[in-house]
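Before any questions on how it binds or moves, here is one chain, the form predicted on its own, in structure tokens.
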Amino acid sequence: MNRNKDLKNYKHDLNYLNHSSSGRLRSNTGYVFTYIILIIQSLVIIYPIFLTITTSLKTNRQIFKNPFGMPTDFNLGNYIKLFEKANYVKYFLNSLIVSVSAILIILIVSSLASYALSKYKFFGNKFLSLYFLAGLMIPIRLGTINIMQIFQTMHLYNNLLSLIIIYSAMGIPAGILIFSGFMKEIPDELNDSGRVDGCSEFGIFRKIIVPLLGPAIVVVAVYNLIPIWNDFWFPMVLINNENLMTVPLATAKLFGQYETDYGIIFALLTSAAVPPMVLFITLSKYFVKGLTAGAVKG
């Protein structure tokens, strides 16, 4: 009797081990497959960046002779010509002024508007929210002709201020959407406690609300930096002065009718990618945190 019981227990333990090992094997196989997919995706993303950097270190002759190979010598001549002879420091400075100014305006205006829309109930609140969200659905490029006419009337044609105004208008709707999601999750009791302590409404916003919006601020800044920094359309339409050109617009100058120096073009592309990449790498921790936090906010 005991022998039969021991045999049953042995079979039960053996079945349990088999199921456990097979489940562990399936789990490990799933992990391996996931890592393979991630590695392939990483290579697809990293290889073009690597190819751009290596090409920027080649001469035109090397590029056409061996476009996918490594440079024979790491020559920085393209970068020297780019910044010394072509004077691209000026274009980078123009892009930096436009991008930083527009992002600061977006952060200030959209955070203040989101505070009013999410923390105060008044007539037309929902209409205003929908009005701002409409800015995400209607492409601003549809109004290019009217925008150009308006800036000509305001004597802002060939002026960096026109680009700052356009990019600010483009980024404010998305900024309001992101900030509103965060602010709705901030307890109203914090605002009430600030009022009890004698804090003004702007003081409540500055001292209580803003410190809690760190991840949202990073998301809005990074989200808007890429399209502003890379935009070619509005500088092409609104800027005709060579001294006011931004990097994307100045890049078009490098394409000649009969000859093009691709080494300098790739050097420019590599240099232009550095500021957004540095910002994203520096703030990636807060960017991911902001995206995941905003994903569950209503």
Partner chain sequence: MKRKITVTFVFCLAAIFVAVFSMLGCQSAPVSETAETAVSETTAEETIPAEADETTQAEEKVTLRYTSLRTEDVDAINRINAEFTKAYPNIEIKFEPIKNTEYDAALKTSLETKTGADIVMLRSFDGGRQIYDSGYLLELNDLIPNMSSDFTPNSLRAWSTDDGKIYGLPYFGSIDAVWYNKAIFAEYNLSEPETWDEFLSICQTLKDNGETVFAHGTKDTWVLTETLYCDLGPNFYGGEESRLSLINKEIKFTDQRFIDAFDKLAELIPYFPKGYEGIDYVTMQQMFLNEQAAMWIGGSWELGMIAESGIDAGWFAPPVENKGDTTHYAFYADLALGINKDTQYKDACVKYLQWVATAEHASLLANELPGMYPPLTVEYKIDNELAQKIIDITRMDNVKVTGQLMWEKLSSQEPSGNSLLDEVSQKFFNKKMTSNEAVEYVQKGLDTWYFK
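Only a predicted model underlies this, so the values are computations on that prediction, with no experimental measurement involved. Throughout, rigid core stands for the largest set of C-alpha atoms superposing within 1.5 Å between the two forms. Residue numbers count along the first chain shown, from 1.
FYI, the form predicted together with its partner chain isn't displayed, but the following is about it.
S.K.: Using 4.5 Å between non-hydrogen atoms, is residue 206 touching its partner chain in the model of the complex?
M.R.: Residue 206: contacts its partner chain in the model of the complex.
S.K.: Since only the chain is shown here, I'm wondering whether residue 241 would be in contact with its partner chain in the model of the complex (any heavy atom pair within 4.5 Å).
M.R.: Looking in the model of the complex, residue contacts with its partner chain include residue 241, since a heavy atom lies within 4.5 Å.
S.K.: In the model of the complex, does residue 72 come within 4.5 Å of its partner chain, counting heavy atoms only?
M.R.: The answer is no: residue 72 has no heavy atom within 4.5 Å of its partner chain.
S.K.: In the model of the complex, does residue 126 have a heavy atom within 4.5 Å of its partner chain?
M.R.: No - in the model of the complex, heavy atoms of residue 126 and its partner chain never come within 4.5 Å of each other.
S.K.: Report whether all of 108, 154 and 260 sit within 4.5 Å of its partner chain in the model of the complex, measuring from non-hydrogen atoms.
M.R.: Contact check passed for all of 108, 154 and 260.
S.K.: In the model of the complex, which of the listed residues (80, 212, 190, 148) lies with a heavy atom within 4.5 Å of its partner chain?
M.R.: The residue in contact is 148.
S.K.: Going by heavy atom distances of 4.5 angstroms or less, which of 186, 89, 76, 161 would be at the interface with its partner chain in the model of the complex?
M.R.: Exactly one listed residue reaches within 4.5 Å, namely 161.
S.K.: Though the partner is not shown here, which residues of 32 to 69 have a heavy atom within 4.5 Å of its partner chain in the model of the complex?
M.R.: The stretch touches the partner through 64 alone.
S.K.: Once you overlay the rigid core, does the Cα of residue 265 travel 2 Å or further between this form and the one not shown?
M.R.: Shift at residue 265: 2 Å or more after core fit.
S.K.: Relative to the superposed rigid core, does the CA atom of residue 66 travel 2 Å or more between this form and the one not shown?
M.R.: Yes.
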